[in-house]
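A lone chain, given as C-alpha cells: the form predicted on its own.
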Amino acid sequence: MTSFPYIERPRWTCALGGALAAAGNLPQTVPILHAGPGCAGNFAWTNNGAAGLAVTGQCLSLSVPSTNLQENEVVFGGLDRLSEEIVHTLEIMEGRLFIILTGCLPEVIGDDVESLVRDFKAKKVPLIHASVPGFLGDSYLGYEELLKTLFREVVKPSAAKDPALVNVWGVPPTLDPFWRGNILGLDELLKLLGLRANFFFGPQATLPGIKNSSKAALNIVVSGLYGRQAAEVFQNIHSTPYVLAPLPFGAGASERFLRLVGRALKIPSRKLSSIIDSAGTAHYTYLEPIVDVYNDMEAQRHALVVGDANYGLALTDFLAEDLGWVPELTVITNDVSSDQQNQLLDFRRQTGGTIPEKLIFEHRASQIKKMAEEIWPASGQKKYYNSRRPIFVAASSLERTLAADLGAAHLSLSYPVANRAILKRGYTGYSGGLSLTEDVVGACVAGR
C-alpha cells in the first residue's frame, strides 16, 4: 500500500492567516482582507484562539475589514468590490497605514490589485498590498511575506546607521503564543548591551520606528527559519547586515544570545563578560530559594518536547541546561523540506545549545504519540522494560491526552495553546527563564 502524506490536527493555518496575524498587530495599521467569506472569522479561533485565548484586537479577525467575495466577483472580478471596501474602511477605521491582503479567490481570478493600489496612492492614501493567498504555504510563510512587503514598501532608505539601534524579528505573532512577553524579554536582554531594540509588532512597536528601521546597525532574526529570507531582502535593499539567533529561554541561552549579538556589533569581550556575569548573578539569586526543595523532591524528569522550529529547540535547551532534565525526544512540528531541515540543523550547530538525543520532524499527532510510546511504553505493555519515568511533556494543548496516557505531567508551551490565558507571559531572557521555571516546576507539583 502506498503511504500518502496528510495533515492531521494542523498546528498552523494558511499564508493569509499568518499575514493577518502579523498585519493586525502592526502599530496604527488596518489590514483589509480581499478574500472569500469566512476567512477572518476562521482565523479568529484557529490563529488567535489557539494563542492563549487572544481572539480579538483593535483590527483583528472578527473586526477586520473584508470584501467577502461571492459568485458575482468570481465571474466578473473583484476590484470594484475591493475599491468599495477601501473607501468605507477609510471612512470608518482609524489608521496611518492600510494593507490589502489578497487571499486565494482574487489571486486565482487574476484581480489586478496593484493597479488599484496605485490609484489610491495617487490620492495620498497610505495603502500597500501583500499577496498572501492560502495556497502559497502555511502561516509562517505568510508572516515572512508580510515582512518582505514592509521592507520593500514602508521602510525608508537611509545611508546613515545608528550603532546603538537594532531591529528584531523572528517571533511570529500568535504562532508564538507568548510573543508579546517574549518581545519584552528580548528587549531586556538587548538593553543590557546598551542597545535600543526596534520591534515591528506589539505594544512597543511604532510606525515611525518601522519606517526608519533602515537606520539600524544590525538586524537580529530570532529564529533559524522564520524571517531569514526577509532579512536578505532587507540587506539587499537597505544594506543592513543580519544575524540569526535562537530563541533564548533561560540563563544559558541568554548568555549565548548576548555573545552572538555582541560579536556582531564588535562589543569588547571583557565588557560582554562583565554584563553576562552581572546578569547571571542576579538570575541565580532569584533561583536559589527553590534549589533545596527541587533536589529533595527529585524533580528531574525525562522530557518529550513538541514545538515548532523556534520552540522545539528553545525548550530542549532550557530543560537540559537550566533544569538538568533529559529531553529524550524533541519533535519539530513544521512541515518543512529536507533542505530546510538541514538548514535548521546547521543553524543549531553554529549557534550552540543542546543537541536533542532524538530529533524528529513530524506534525501529525498520531505519529508523535506512536514515537512517544515506543520510548515510554505503557505499564504492562511489555514484561521487561525500563520505564524511564517520571516523564514531562512540554508541548501544545494537542498533547494533553498523550501526557495522560503516559502518566506524565504536561504544560502547554507551544502553539496551539487553548487551555491557558496568555496576556504578557513570556519566557525569553533571564527573567523569562525564571517564569518558565515557575511554570514547569509548578506543573510537576500541581497534583501534590
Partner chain sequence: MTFFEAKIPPIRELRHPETALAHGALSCPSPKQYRSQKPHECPIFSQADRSFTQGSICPLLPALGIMCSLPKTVVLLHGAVGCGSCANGNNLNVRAGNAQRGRSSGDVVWLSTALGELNVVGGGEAKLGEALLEADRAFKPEVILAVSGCLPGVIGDDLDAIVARVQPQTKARLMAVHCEGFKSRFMATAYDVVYHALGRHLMPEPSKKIEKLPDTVNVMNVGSMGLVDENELSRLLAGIGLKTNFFPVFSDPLSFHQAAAAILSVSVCPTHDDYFLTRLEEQFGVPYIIHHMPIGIENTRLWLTDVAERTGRQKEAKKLIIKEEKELNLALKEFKPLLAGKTAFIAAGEYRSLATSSLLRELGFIIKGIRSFHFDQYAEVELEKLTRANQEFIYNVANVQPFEEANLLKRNPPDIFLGHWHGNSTAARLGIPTQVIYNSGYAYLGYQGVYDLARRLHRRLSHSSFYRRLGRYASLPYRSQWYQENPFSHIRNRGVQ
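Just so we're on the same page, rigid core means the largest C-alpha set that superposes within 1.5 Å between forms. Numbering follows the first chain given and starts at 1. Being a predicted model, the structure only gives us computed values, none of them experimental.
Below, we refer to the form predicted together with the partner chain, which is not included among the displayed structures.
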item: The partner chain contact in the predicted bound form: residue 44, any heavy atom under 4.5 Å; value: yes
item: Residue contact check: residue 57 to the partner chain in the predicted bound form, 4.5 Å heavy atom; value: yes
item: Residue contact check: residue 81 to the partner chain in the predicted bound form, 4.5 Å heavy atom; value: yes
item: is_contact(residue 421, the partner chain) in the predicted bound form, heavy atom dist at most 4.5 Å; value: no
item: Contact residue in the predicted bound form, from 308, 73, 255, 145 (heavy atom within 4.5 Å of the partner chain); value: 73
item: In the predicted bound form, segment of 309-317, 112-120, 135-143, 278-286 with a heavy atom within 4.5 Å of the partner chain; value: 135-143
item: Full three-residue contact with the partner chain in the predicted bound form, heavy atom 4.5 Å, for 40, 48 and 68; value: yes
item: Those residues of 392-431 which, in the predicted bound form, come within 4.5 Å of the partner chain by heavy atom; value: 397, 398, 400, 401, 416, 418
item: C-alpha of residue 67 moved at least 2 Å between the shown form and the other one on rigid core; value: no
item: CA of residue 47, rigid core aligned, shift of 2 Å or more between the shown form and the other one; value: yes
